[in-house]
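Okay, here we've got a single chain as structure tokens, the form predicted alone, with questions on binding and movement later.
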């Protein structure tokens, strides 16, 4: 199906005369645009030519007619003209229905509400416009993995400006966001594991209406994906405490761009704990945090011990499949407990960890029983071997005696 769509797009490109390419395909950059490059352009695949943006008449081979003002020739498009030029089509619902009825037509209105758009409206020529993110002559559909706005490429696209210290200097904005994101669990899910649903820049900041989330909005942004954690945090003592101190909810413990994979060491009073950023040893919060840490590590250790014992029994050929299936319930309890942490009440956490510990006691007992049976079988097998050996020796002596007679 995908190949059919590509072929139909290339046929549309091939059937539409575009005399502009006859000259520009032989010119050097930045004026050079090869036919191969332009054929990948989503506009070309829809049958549009250079004239759709630059004006003129691409159907004639006469340069004077092709680039005549009478034919609407615009020539070079200035950066400040780009958003309105793109909007002349993309904000026209009737026109867009001819090409993609499902495509939204409010991008330009959203752009005008964004930080980029507001600065553009004030005449700032450095802020991002449509072509900075989407490309120009090689503009591809967002679903194309080669597109600059494909989910796996968005962070890199944003970094072209936001990781450039000199470029961002006039705005007083940090430029370490991309470097931090590359270390995050979100980047690992997106780029390494190929999970296209994982967060990238536009997931949290928006795309056409890109706006940094304020302190009060951070939890709402994170809760788009982390629903249960947000619900628990909303009932926790931290919500009001953070609000009183002007601290953002999730970011205070997890950071924003450099979100590391959460571990049980993050809670408690250990060297890697984030609780100690606010709590001191001995206070009520630190005591409860340490209690929650101990509950999590106890269950994790019990699961590890049970899994090791069942694995050893299985390697010895014992049947422990039922116990291993039951052990999954303990891991689910641990997973649930790690979410329940966001309520920041050890009594609620204890319900989950106790349920998991009850399961591990059963699976560990099943593992011990299997190992005892294995030992019993091994002893029985040894005795059987000895008995068989004695019988063979006796039989050998009996045969020899018969031969001698």
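Positions refer to the first chain, counted from 1. Keep in mind that what you see is a predicted model, and the values were worked out from it rather than measured.
Note that the form predicted together with heme C isn't included here; everything after this is about it.
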Location of heme C contact in the predicted complex, chosen stretch of 312-320, 202-210, 299-307, 325-333 [non-hydrogen atom, 4.5 Å]: 202-210
Interface residue in the predicted complex among 88, 113, 183, 235, criterion: non-hydrogen atom within 4.5 angstroms of heme C: 88
Residue (of 165, 103, 192, 121) lying close to heme C in the predicted complex, criterion heavy atoms within 4.5 Å: 103
Residue 371: touches heme C in the predicted complex, heavy atom cutoff 4.5 angstroms: no
Residue 54: touches heme C in the predicted complex, heavy atom cutoff 4.5 angstroms: yes
4.5 Å heavy atom contact, residue 146 to heme C in the predicted complex: no
Residue contact check: residue 285 to heme C in the predicted complex, 4.5 Å heavy atom: yes
Residues within stretch 260-276 having a non-hydrogen atom within 4.5 Å of heme C in the predicted complex: 260, 261, 262, 263, 264, 266, 267, 274, 275
